[in-house]
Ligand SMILES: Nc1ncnc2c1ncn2[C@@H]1O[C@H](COP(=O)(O)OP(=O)(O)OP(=O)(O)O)[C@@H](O)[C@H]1O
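Here you get one chain, nothing else, as structure tokens; it is the form predicted alone.
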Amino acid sequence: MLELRALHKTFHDPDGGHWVLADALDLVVERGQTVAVLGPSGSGKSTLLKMIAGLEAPDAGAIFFDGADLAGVPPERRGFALMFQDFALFPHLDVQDNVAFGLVEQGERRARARERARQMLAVFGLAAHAGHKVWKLSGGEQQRVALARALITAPRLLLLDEPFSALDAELRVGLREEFARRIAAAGITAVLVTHDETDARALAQRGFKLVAGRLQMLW
């Protein structure tokens, strides 16, 4: 279970202005649940994910996972997976090694990691692309590779930052359904941030809107 307790984060610009991106923000995400946070660009959605991931430190408040305070725990030790809107795949690696990357980083032997990656690619219908460079794939295929890479490490928490924003409308419909199905099948707890309510409702059991640094419940 993920718990955000009274999180506060202020962004200061060089001209002396500031924006409150989180203000005494509270949120509980139950195990196996997907929660969506909606809001326009600049509202603080991505910053919220970065704080959960450990890439940004809150100015105040605390983040707990399964009862443990994550203060001071570096990103690589949190066991979370973060998917960016631009996929963030490695262009110099083929599809198989992109998916295997997280396992190798966790200390698994490369041969075993590649074997598991091939098995995961088969599940996603991408086995024929294992040896291809990722930049040769379509946008939808790249997004499936990114999800496969995230799920293969069995993360404790999946963080999704506008996962469909780079895709055309027709492709988004199918991928929303596929992502929802695969995340549920894996039993993974997830937080989705997006500006698109249709995306949010397709994936999340609960939804909130980030307004002036605070969360307002939508459903």
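Counting begins at 1, following the sequence as shown. Since the model is a prediction, treat every value here as computed from it, not as a measurement.
FYI, the form predicted in complex with the ligand isn't displayed, but the following is about it.
Enquirer: With the partner left out of view, is residue 21 within 4.5 angstroms of the ligand in the predicted complex by any non-hydrogen atom?
Expert: It does: once the ligand is placed as it appears in the predicted complex, residue 21 has a heavy atom within 4.5 Å of it.
Enquirer: So in the predicted complex, is the ligand close enough to residue 45 to count as touching (4.5 Å, heavy atoms)?
Expert: Yes, residue 45 is a contact residue.
Enquirer: Answer for residue 40 alone: is it within 4.5 Å of the ligand in the predicted complex, judged on heavy atom distances?
Expert: Contact check for residue 40: yes, within 4.5 Å of the ligand in the predicted complex.
Enquirer: Using a 4.5 angstroms cut-off on non-hydrogen atoms, would residue 178 count as touching the ligand in the predicted complex?
Expert: Taking the distances in the predicted complex, the answer for residue 178 is no, it never comes within 4.5 Å of the ligand.
Enquirer: Given a 4.5 Å cut-off on heavy atoms, tell me which of 184-192, 25-33, 46-54, 150-158 is the interface stretch with the ligand in the predicted complex.
Expert: Only one stretch qualifies here: 46-54.
Enquirer: Listed by sequence position, which residues of 147-181 have a non-hydrogen atom within 4.5 angstroms of the ligand in the predicted complex?
Expert: Sequence-ordered list has one entry, 162.
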